[in-house]
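Presented below, as structure tokens, is a lone chain in the form predicted alone.
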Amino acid sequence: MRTGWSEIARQALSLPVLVAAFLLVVTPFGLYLADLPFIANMMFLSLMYAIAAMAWNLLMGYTGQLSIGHAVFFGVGAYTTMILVVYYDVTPWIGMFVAGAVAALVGLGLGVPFFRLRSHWFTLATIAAGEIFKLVFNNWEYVGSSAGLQMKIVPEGKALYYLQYAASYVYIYVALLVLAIELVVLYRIVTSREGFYLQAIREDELAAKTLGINTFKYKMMAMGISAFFTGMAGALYAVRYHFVEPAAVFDVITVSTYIAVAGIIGGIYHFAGPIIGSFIFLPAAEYVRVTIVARFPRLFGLHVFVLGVVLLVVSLFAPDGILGWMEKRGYIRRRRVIEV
């Protein structure tokens, strides 16, 4: 198994990756020139959830720990960035990485008691943590309680420092930068010895312990890294929309469940699965929410219904996700160097 930087470079310079990278770089500016803000915002959301879903998949797809509470890290990251900007005048360029670090610390703190739990009890604990954080922030005056926090509008000359732009396509490039960093880090992890240990824990934790693997240590490592990048996704949310509130960033459906569904739809046993899932699921959900629910308020929550339908169809016809289905049909071939 090759794990060096030369292998990462070889994969990055492959024709499909180069074509995808070119399209991702050119498309945002093209959307701006064509004056398509809705599609630009949809692309940003797809990238934001792709970042969070990739992070979630390190914990679930590679380590076998099902979390439905990643809204905790997403919300902590969003609030950390907002607090640094509003109260301490710290640029979001720094705040995003601080947000990831704070979210990682929260993840490690939760991991200590949570990893004593097994199976569905771990999953239930993550859901409970999300609701607890939502309740705490909803009543914490320092962070604006239920009203949340909002960034002040700054002069045009300070737009770069505060990352405030009228054009939404700018934030797509910021999200692309974060996703690129994440892909390099996660690729390096899953193709290393540590990645092999994580997969061993997923397949049979008792057997992994018998072989001398410190399962608690590696599960904590996965939790910390997963929380870090999910926190950065939350920071991107705060930077893009200049406003955070507990109901939005700690929501179990539109954050935790969306992240998990994006990973499952794409294929949790494929490295790029969560990215594919995000770009399939998020546009569909957003289209329904904006074009149908907004026009017919009585259909409020229809986008969540779409979530259920999409998940049902995938579970019936492609239980291993889109990439898993394509692999079984022979359309793609699994490269073990980067996939489980």
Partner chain sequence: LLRQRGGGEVTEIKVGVILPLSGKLAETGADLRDGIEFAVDQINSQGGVKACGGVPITVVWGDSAGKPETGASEAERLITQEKVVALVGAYQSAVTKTASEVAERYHVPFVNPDSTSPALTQRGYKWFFRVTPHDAMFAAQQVEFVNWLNQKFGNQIKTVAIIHEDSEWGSKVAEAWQQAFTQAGYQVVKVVKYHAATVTSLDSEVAALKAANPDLLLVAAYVQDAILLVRTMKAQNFAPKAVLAQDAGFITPSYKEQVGADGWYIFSREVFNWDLLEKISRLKEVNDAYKAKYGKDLNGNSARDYTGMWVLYYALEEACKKAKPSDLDAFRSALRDALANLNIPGDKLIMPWRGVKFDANGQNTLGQGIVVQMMEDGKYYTVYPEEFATKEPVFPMPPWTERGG
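Positions refer to the first chain, counted from 1. A quick note: this is a predicted structure, and the numbers were derived from the prediction, not measured.
If you look for the form predicted in complex with its partner chain, you will not find it shown, but the lines that follow are about it.
- Interface membership of A180, defined by any non-hydrogen atom within 4.5 Å of its partner chain in the predicted bound form, is ruled out.
- Its partner chain is not drawn, but in the predicted bound form it has no heavy atom within 4.5 Å of F228.
- Residue contact with its partner chain in the predicted bound form: A248 places a heavy atom within 4.5 Å of it.
- When contacts are judged by a 4.5 Å heavy atom cut-off, F243 counts as touching its partner chain in the predicted bound form.
- Looking at 182-190, 141-149, 100-108, 87-95, the stretch with residues near its partner chain in the predicted bound form, meaning non-hydrogen atoms within 4.5 angstroms, turns out to be 141-149.
- Of the residues in 40-66, only N41 comes within 4.5 Å of its partner chain in the predicted bound form through at least one heavy atom.
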